[in-house]
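There is one chain below, alone, in structure tokens, taken in the form predicted on its own.
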Amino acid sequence: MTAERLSRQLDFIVELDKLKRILRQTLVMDGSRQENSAEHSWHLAVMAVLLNEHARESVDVQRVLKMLLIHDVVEIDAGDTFCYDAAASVGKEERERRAAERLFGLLPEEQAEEFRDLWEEFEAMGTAEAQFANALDRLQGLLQNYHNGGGTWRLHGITRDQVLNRMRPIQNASPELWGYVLQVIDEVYVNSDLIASTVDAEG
């Protein structure tokens, strides 16, 4: 029983290595290349340790960390879907649910159930922990685009309103971080030429 349990855990760990090959649309902060999903998850975990004091209400940091470390595991099968691409988002939920069943199903039963529950909690955003984890997920993308000169916002002609809507979960999870988000969006869209290129992109 112990040998079988360890074998299943190791199989899952080996499968996780594939997350390093999943490229996200977002560029790293120096703009030199796309970020991969494994890097993204690690970065979010560090952010949770550093920034949990700014959550609107006290959160279980360990639970937040677990969510952030596994929230994108489904991308091994489902791929990364660009958050501003409505067409690519069609069927995303079903693709990711099938991926969750297969990937978490590699684990011993109780760990598979725990990971699946954490993933579903993150997706539902119904708890303080899930709301804060989602806020950090959005914040990281904002920081990247801010520091690489507009990055994917500029490349895809993303409007200020689109960014605001994407960042909205931060408002409830952390009013303090939300204030920072608004400052960044104003700086990027008002004090640069991004607003003009966005208008051009929309025709």
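Just so you know, these numbers come straight off a predicted model, no measurement behind them. Quick note: we count residues from 1 along the sequence shown, nothing fancier.
There is another form of the same protein, the form predicted together with another copy of the chain; it is not shown, and what comes next is about it.
Proximity to another copy of the chain in the predicted bound form, defined as a heavy atom within 4.5 Å, holds among A55, M167, I158, L143 only for L143. Though the partner is left out of this view, V188 does not reach within 4.5 Å of another copy of the chain in the predicted bound form, counting heavy atoms only. Using a 4.5 angstroms limit between non-hydrogen atoms, L107 touches another copy of the chain in the predicted bound form.
Contact annotation: I13 falls within 4.5 Å of another copy of the chain in the predicted bound form, judged by heavy atom distances.
At the 4.5 Å threshold, heavy atoms of T127 stay clear of another copy of the chain in the predicted bound form, well away from it. For the stretch 24-50, the set of residues having any non-hydrogen atom within 4.5 angstroms of another copy of the chain in the predicted bound form comprises V28, M29, D30, R33, E35, N36, A38, E39, S41, W42, H43, A45, V46, M47, V49, L50, in sequence order.
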